[in-house]
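In structure tokens, one chain follows: the form predicted alone.
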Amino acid sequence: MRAYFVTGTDTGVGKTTITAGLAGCIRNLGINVGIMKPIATGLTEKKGYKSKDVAILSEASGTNDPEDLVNPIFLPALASPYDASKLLNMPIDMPLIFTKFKKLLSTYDVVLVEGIGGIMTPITKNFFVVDMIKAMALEVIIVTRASLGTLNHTVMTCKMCKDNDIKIKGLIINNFDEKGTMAEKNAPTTIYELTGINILGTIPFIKDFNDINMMVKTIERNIDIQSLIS
């Protein structure tokens, strides 16, 4: 059994689409892959899963698990879990999350857990995403981007993992444009030089990131999936 926690350097970096693409690739190999979004916030979908992210992940992985298993905590507010919890007066039940996670581990051969926001996104006043990763004892895949400012965010994310003894499987650079600015074109090389962390792959810009099949095909071309499951 293998499991990874997919985190990002910040919000909107593409964690959901990358996680969905990875799940679809693993599924195409005939492997029983499960997904989890422990905590989700945002607008409530009108049908199906409350969280759009969970719906995307479930579709890509081909799973049909109960919502309270794959997404134990949903907070209908556009805010961090900490702020949403306070605004809605809805305490976050971390033991419940860990119980559901253990059930998924016992059900699937590979489990992909998508985080929320960046690694220091607050869940409670004194508990952050990094603490959830440590409690789950998972290796992380970090999703970053190639735009200006990514070096700061990426180096800090990697350092936070190392400071907390969290093993990093590698980095995925999303929305990479080989014809972009100097900062964009040099991003993979510079990020590796600064962090020493393996670059699992660079994913080019995809116009319709909601096209799961396109994302799966793109990831299959740009990432060695076997290295994640062997």
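This one's a predicted model, so the numbers in the text were calculated from it and none came from an experiment. Numbers for residues come from their place in the sequence shown, where the first is 1.
Omitted here: the form predicted in complex with a small molecule. The next part is about that form.
**Q** By the heavy atom within 4.5 Å rule, which residue out of 204, 196, 48, 62 makes contact with the small molecule in the predicted bound form?
**A** Contact check passes for 204.
**Q** Heavy atoms within 4.5 Å of the small molecule in the predicted bound form: does residue 14 have any?
**A** Yes, contact at 4.5 Å.
**Q** Counting only non-hydrogen atoms and a 4.5 angstroms cut-off, does residue 175 reach the small molecule in the predicted bound form?
**A** Looking in the predicted bound form, residue contacts with the small molecule include residue 175, since a heavy atom lies within 4.5 Å.
**Q** If we define contact as a non-hydrogen atom of the residue within 4.5 angstroms of the partner, is residue 117 a contact of the small molecule in the predicted bound form?
**A** Although the small molecule is absent here, residue 117 would touch it in the predicted bound form, with heavy atoms inside 4.5 Å.
**Q** Please run the contact check for residue 215 against the small molecule in the predicted bound form: heavy atoms, 4.5 angstroms, yes or no?
**A** Contact check for residue 215: yes, within 4.5 Å of the small molecule in the predicted bound form.
**Q** Can you say which of 65 to 73, 25 to 33, 188 to 196, 167 to 175 gets within 4.5 Å of the small molecule in the predicted bound form, counting heavy atoms only?
**A** It is 167 to 175 that comes within 4.5 Å of the partner.
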